[in-house]
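This document starts with one chain, in the form predicted on its own, laid out as structure tokens.
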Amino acid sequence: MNKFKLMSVRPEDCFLVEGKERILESYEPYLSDESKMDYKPVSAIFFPENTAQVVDAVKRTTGQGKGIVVSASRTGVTGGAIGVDNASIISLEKMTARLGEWHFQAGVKIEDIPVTDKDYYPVDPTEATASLGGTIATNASGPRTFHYGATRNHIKALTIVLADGSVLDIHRGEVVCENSKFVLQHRDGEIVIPIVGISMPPVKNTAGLFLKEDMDLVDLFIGSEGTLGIVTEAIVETAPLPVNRLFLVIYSDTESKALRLVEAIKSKPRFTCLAIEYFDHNAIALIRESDALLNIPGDVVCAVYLEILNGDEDIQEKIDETLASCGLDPEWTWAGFAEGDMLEMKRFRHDVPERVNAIIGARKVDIPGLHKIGTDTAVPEGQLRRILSFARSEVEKEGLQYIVFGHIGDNHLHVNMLPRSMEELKKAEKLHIAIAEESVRLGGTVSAEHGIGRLKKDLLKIQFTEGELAAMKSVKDALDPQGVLNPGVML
């Protein structure tokens, strides 16, 4: 039985800022996100503090025939939270309450979710200031996805406000797809949501809606980028707090040795890794320029970061043997055991994209239309060397500056292209498409963690057939027939 009754919630007045001039003068940051896409002014921004106030904001906005842009921390890089024409913004940033032991409002930041002496919420997006609701909307992942999986694996229940202001309160296992549909009992009748299973790549993936014949209703909203409903509350699944962790940055004088290390760790695991990250020769060069304190050895051309569960007495011996089997010198490692060591290594990790953004920012002063082009593809096991070789060859052929780094444990590397002119920008855009196409040809995805948003909608045509895209549109039409939720996002 998959029928589920929608709740009617009495709206509560929601704090509202009105007037385009006032918003541009005092609230302009709420019109943009980290995509740096051009935005349009809006005439209203709502700041609800609970689900009932979100209902009020939805009803007042749709009653005026406007669309709704949902935002919170605005850390997304695909333009999902920017201001658009004929829309109001509903910002969930004030919804930060803890409602139960692991029950939170959607605006709480990931870094503010508490850690106990036994449990923690293991989802670790690169940007810790991201909101819980935003990470659910994008099925966010990060370094520890290699061990724990993406956000989808850690959500037990959701409260969602739909486009008509009705509220859906669902727990995992409560409503499962039957006969290729979900049926929601509504005050005006039934909402029938058709579910046609689509081909999902065997990699971590945030491209398009998640559709499977036997899926749970909770999973329909995870990764839907706010196009089907507004997540206002969530109950999260925790994991045992890891203790005795070992953090390692392993330097290598060749990329081949570094890749051999990653392959060895994954094919014959002798120790448990929570995360495996990679920095290529161009990333190392950037770090050398910006932080002399790290004192990277002169012959180093790339690095691998490992976060290891240090449970065995002979863990150091296992690590040394693995490094030696790959031709790597155990002396060329930066090791740490404390949280402070991990934070220092995270600074190493964060320094690369920050430096990339600084380079592009400086170039934008003279060429305002310039921006970086970064891939977000992932490929199945056994295909990493192919996609890396293809991307590197194509980018170098065009003479573009580029940096490769990312979640190599998941075969998910970001190729960041840094154009120096509008001509190079056009070349980078074409290469972005070519790398996405090659990733899909190898069985992978066009978007592994950042989603589609408004910026990358064209990539969906690479990933899915017209029939699969039509199946996604049918779900959107069933839940949001007027297209008011996040107009222009994904579909």
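Quick note: we count residues from 1 along the sequence shown, nothing fancier. Computed from a predicted structure; not experimentally measured.
We do not show the form predicted together with a small molecule, though everything after this point is about it.
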| query | With the partner removed from view, which of 298-306, 219-227, 331-339, 387-395 is the stretch that lies within 4.5 Å of the small molecule in the model of the complex, judged by heavy atom distances? | reply | 219-227
| query | So which of I265, L92, V379, A283 gets a non-hydrogen atom within 4.5 Å of the small molecule in the model of the complex? | reply | L92
| Only one of G83, G409, G133, P419 has a non-hydrogen atom within 4.5 angstroms of the small molecule in the model of the complex; which is it? | G133
| Looking in the model of the complex, is the small molecule within 4.5 angstroms of a heavy atom from every one of A87, H186 and D477? | no
| Wondering, does D56 line up within 4.5 Å of the small molecule in the model of the complex on heavy atoms? | no
| query | Using 4.5 Å between non-hydrogen atoms, is G76 touching the small molecule in the model of the complex? | reply | yes
| said: Against the small molecule in the model of the complex, would S71 count as a contact residue? Criterion: heavy atoms within 4.5 Å. | reply: yes
| query | Any chance R270 has a heavy atom within 4.5 Å of the small molecule in the model of the complex? | reply | no
